[in-house]
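Heads up, the chain shows up twice below as structure tokens, two forms, tagged structure 1 and structure 2.
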Structure 1
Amino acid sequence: MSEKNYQARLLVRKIGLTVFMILVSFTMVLPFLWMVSSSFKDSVSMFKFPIEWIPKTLNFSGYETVWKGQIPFSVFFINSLKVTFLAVVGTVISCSMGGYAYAKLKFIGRDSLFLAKLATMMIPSQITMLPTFMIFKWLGLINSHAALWIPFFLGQPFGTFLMRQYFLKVPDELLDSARIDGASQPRIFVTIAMPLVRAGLSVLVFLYFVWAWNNYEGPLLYIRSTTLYTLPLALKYFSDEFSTNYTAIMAASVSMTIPILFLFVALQRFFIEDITSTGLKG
């Protein structure tokens, strides 16, 4: 077998496997394409077979129902933006402070505290879900957005762990020399340490943005009034309310997913490597 022959065989294999992967990708992407295409059709043409991927006439009635209905979608959109924004701010503050302390500060009980925190990550959320609900009930925060974002200001175990990993890579000498120059710890943290973990911060922001934006279980437990719904709960509400108006349901799905899909596709190359190298979320 000649070298040329061998190279040709490899190329054929590569093409074959690429075709196979295109087929696999179709099963991942087609549901999304169907969602977008269906949101512009009426209920009759939506279920026509074979599927008309590009609708013959564009029908915006679904979007009108969703965005100009009794409670316009913008209300839910703003609720989601508000909760997600506060959750991300809280995560950044509490997780980077905690991560920095666990990585770079010396205090009594540091390592046992950190270990305890790690160990409890394995406990299923169901155990803490009910008592947490009771706590918010006693605080009178049921049916308020505060119940959704307050926990983020009090340190997420995974985020703290993630930031600790990044702070560990910051050289001690840098921080020490700043301290000898008389800088206080909070100052060193803000002006020297934080700028050095920008990669970690972007992963943290991305993961918790997606997580808070898509969080369904939290609002399902805590939010009662429709006007306080965030997008995931609103979408569920729409699909129950307009159970046969598939156009509206699909328009609502598009309205909620497309922004985050775009954000992901546009930004993923900056941090997908980091996400994978840091392991698991949740």
Structure 2
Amino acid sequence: MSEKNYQARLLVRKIGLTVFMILVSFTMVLPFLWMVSSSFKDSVSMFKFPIEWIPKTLNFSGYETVWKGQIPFSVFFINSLKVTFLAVVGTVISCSMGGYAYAKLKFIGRDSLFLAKLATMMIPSQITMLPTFMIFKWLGLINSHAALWIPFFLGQPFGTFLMRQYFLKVPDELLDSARIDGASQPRIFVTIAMPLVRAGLSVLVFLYFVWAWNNYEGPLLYIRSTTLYTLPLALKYFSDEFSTNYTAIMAASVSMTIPILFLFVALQRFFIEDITSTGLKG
């Protein structure tokens, strides 16, 4: 096969793969586009077929019901922001410290402890649900937001594993040179190791932001007062046993998705950043 034919076949293969990935991406985005389109329709035109992707007349009744109706959606929104912010802060602190310790600090039983921590990921949440509820009840945390964000300060197994993998890529020589210069371990961790794992931190922040933001099981178990509800629980206010306001549900879902999109746009440049690009050069 000549070089020219080989290059032509390679180009055709790349074009075919690109088209395939575009089609796959489109099928993933399609439900979201339908949700946005439906939020500007009434309950009748929403279910018309074929789908009217761009409504002829924009209907804002769903957003008016969500933000100006009797349901305190803004309170639920603030509650979710509060809980998610504290959960992300706790995750970053605990998982980054745990990941650094398992990757760069040598102590007796380090690998065994790490494997034991990873093993907890295989335990179904349904098994620990009742013991956790009893502990929180004994601590007086039922019907409080603390029950939703305190577990994130205890070092989530997956987050710890993720940060450990990024810290393993940090050159040991760089940390050793800092120790020779007299830097303490906390200073090495904060000023040297953490800036080198910005890509891992961005992934950690985004994943656990989405996790805490969309958490439905936790508020359902621990929250009793309506004023403490978070957004996932707020959606049930737009439906009952007799009727369902689909337009309001779509509008509320779009409103819930906006913070996630903003965070993704803000962090996307770090998602493709390789850890080696932040090391020493020359």
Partner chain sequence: MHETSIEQQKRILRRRRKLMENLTGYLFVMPNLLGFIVFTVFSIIFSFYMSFTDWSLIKLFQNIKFVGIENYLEMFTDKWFQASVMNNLWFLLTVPVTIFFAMVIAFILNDKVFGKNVFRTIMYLPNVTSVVAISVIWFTLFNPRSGPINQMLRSLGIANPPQWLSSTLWAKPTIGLLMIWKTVGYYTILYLAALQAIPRQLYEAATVDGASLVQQFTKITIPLLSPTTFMLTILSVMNVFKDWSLIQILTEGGPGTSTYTLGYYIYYAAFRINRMGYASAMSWALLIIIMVFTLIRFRVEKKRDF
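Because the structure is predicted, anything quoted here is derived from the model rather than measured. Heads up, when I say rigid core I mean the largest set of C-alphas that superpose within 1.5 Å between the two forms. Residue indices: 1-based, along structure 1.
Trainee: Only one of structures 1 and 2 is the form predicted in complex with its partner chain; identify it.
Mentor: Number 1 is right.
Trainee: For Arg224, is the CA shift between structure 1 and structure 2 at least 2 Å following rigid-core superposition?
Mentor: No; Arg224 is a residue whose C-alpha shifts by less than 2 Å between structure 1 and structure 2 when the cores are overlaid.
Trainee: By the 2 angstroms cut-off, has the C-alpha of Phe40 moved between structure 1 and structure 2 once the rigid core is superposed?
Mentor: Yes, the C-alpha moves 2 Å or more.
Trainee: Using a rigid core alignment, state whether the CA of Ser61 is displaced by 2 Å or more between structure 1 and structure 2.
Mentor: Yes, the C-alpha position differs by at least 2 Å between structure 1 and structure 2.
Trainee: Superpose on the rigid core and then read off how far the CA of Gly16 has moved between structure 1 and structure 2, in Å.
Mentor: Looking at the C-alpha of Gly16 between structure 1 and structure 2, the offset is 9.4 Å.
Trainee: Superposing on the core, what C-alpha displacement does Ile249 show between structure 1 and structure 2, in angstrom?
Mentor: With the cores aligned, its C-alpha sits 3.1 Å away.
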